[in-house]
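Taking the form predicted alone, here's one chain by itself in structure tokens.
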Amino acid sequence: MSNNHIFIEKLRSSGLRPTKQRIKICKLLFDRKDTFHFTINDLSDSLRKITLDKISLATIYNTINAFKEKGYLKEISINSNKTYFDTNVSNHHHFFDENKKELIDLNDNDVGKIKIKKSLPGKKIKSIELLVKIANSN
């Protein structure tokens, strides 16, 4: 069964024209059972493997940024030069495996109570999402 009508609506609601290339991006991101964590380069490589159509990096960046702004994707900054995106937009935690360069979901019940003792004037906590960096122990 084709979900193209869902992808077309998702694109239009994000302010994007539903081109053949953008529909392929949607299919790769959202036509799956499990959460998908990716960088822009990961996504570009995956698209090259599944389609003969050329999809420019500009199209990928614009589509991902529009989806992020609309709330369809979550951005997770690992450091100043590494950003991942997540198709699971709920508040949740992650492991980041520094050896494999991959994000792994952590459920709330995998993490004990987190208490923040500092507050900033005029600000309130919107969410708490923990990023735990892991590496091989040897």
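Note that residue numbering begins at 1 and tracks the sequence as displayed. Being a predicted model, the structure only gives us computed values, none of them experimental.
Missing here is the form predicted together with another copy of the chain; even so, the following discussion is about that form.
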Q.
So, a 4.5 angstroms cut-off on heavy atom distances: do all three of 23, 33 and 69 pass it with respect to another copy of the chain in the predicted bound form?
A. no
**Q.** Option touching another copy of the chain, based on a heavy atom within 4.5 Å in the predicted bound form, out of 28, 40, 55, 76
**A.** 76
Q | another copy of the chain contact at residue 86 in the predicted bound form, heavy atom, 4.5 Å | A | no
Q: Would you please decide whether residue 133 lies within 4.5 angstroms of another copy of the chain in the predicted bound form, comparing each non-hydrogen atom pair?
A: yes
Q: May I ask you to check whether residue 106 falls inside a 4.5 Å heavy atom distance of another copy of the chain in the predicted bound form?
A: yes
(Q) Under a 4.5 Å heavy atom criterion, is residue 49 part of the interface with another copy of the chain in the predicted bound form? (A) no
Q | Neighbours of another copy of the chain in the predicted bound form among 123-138 [non-hydrogen atom within 4.5 angstroms] | A | 123, 124, 125, 126, 127, 128, 129, 130, 131, 132, 133, 134, 135, 136, 137
